[in-house]
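Take a look at this single chain in structure tokens; it is the form predicted alone.
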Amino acid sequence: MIPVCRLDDLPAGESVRIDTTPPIAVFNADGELYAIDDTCTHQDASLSEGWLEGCLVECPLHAASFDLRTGRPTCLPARRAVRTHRVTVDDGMVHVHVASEVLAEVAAEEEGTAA
């Protein structure tokens, strides 16, 4: 579980990037919090810098759009989904629970670099 920020510091319509490996973007979409991998699957661009409209975020580079609820692209040029992560709020603090598959990938990468 990764602490992100105070809920008051993430108003509706805003996002924040967490510099994890891989980076994660947290969005406040009209009061609902969502977390997805921050990098567009079409080309390296930060989705936290994209445009938020309802539960969709548009990549700032080529306008690919992703559904924050599922991570699935809703239009081209993106074809692959981004991972989603669970978000909780405890005592006014926003936390991201990184998907277990991400943790496994990071561990595998670290083992590969240690050898």
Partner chain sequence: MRTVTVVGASLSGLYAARELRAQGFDGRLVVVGDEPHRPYDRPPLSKDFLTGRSGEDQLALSDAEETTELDAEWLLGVRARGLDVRGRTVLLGDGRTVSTDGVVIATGASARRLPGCELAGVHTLRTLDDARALRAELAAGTRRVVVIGGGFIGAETASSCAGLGHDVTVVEAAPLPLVPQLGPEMAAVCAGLHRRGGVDLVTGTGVAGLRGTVAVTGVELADGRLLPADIVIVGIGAIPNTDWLAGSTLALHDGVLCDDGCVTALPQVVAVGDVARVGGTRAEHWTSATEQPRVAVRNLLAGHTAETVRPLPYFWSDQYGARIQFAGRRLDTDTVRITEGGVTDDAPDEGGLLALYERDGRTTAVLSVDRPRPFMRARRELGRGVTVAEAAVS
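All of these numbers come straight from a predicted model, not from anything done at the bench. Residue numbers count along the first chain shown, from 1.
Not pictured, yet referred to below: the form predicted in complex with the partner chain.
| request: Please name which of the stretches 85 to 93, 48 to 56, 30 to 38, 65 to 73 has residues with heavy atoms lying within 4.5 Å of the partner chain in the predicted complex. | output: Partner-contacting stretch among the options: 48 to 56.
| said: Considering non-hydrogen atoms and a 4.5 Å limit, does the partner chain approach Glu14 in the predicted complex? | reply: Contact with the partner chain, yes.
| Taking heavy atoms and a 4.5 Å limit, what residues of 65 to 98 are near the partner chain in the predicted complex? | If the 4.5 Å heavy-atom criterion is applied to the partner chain in the predicted complex, 65 to 98 yields Leu76, Pro77, Arg79.
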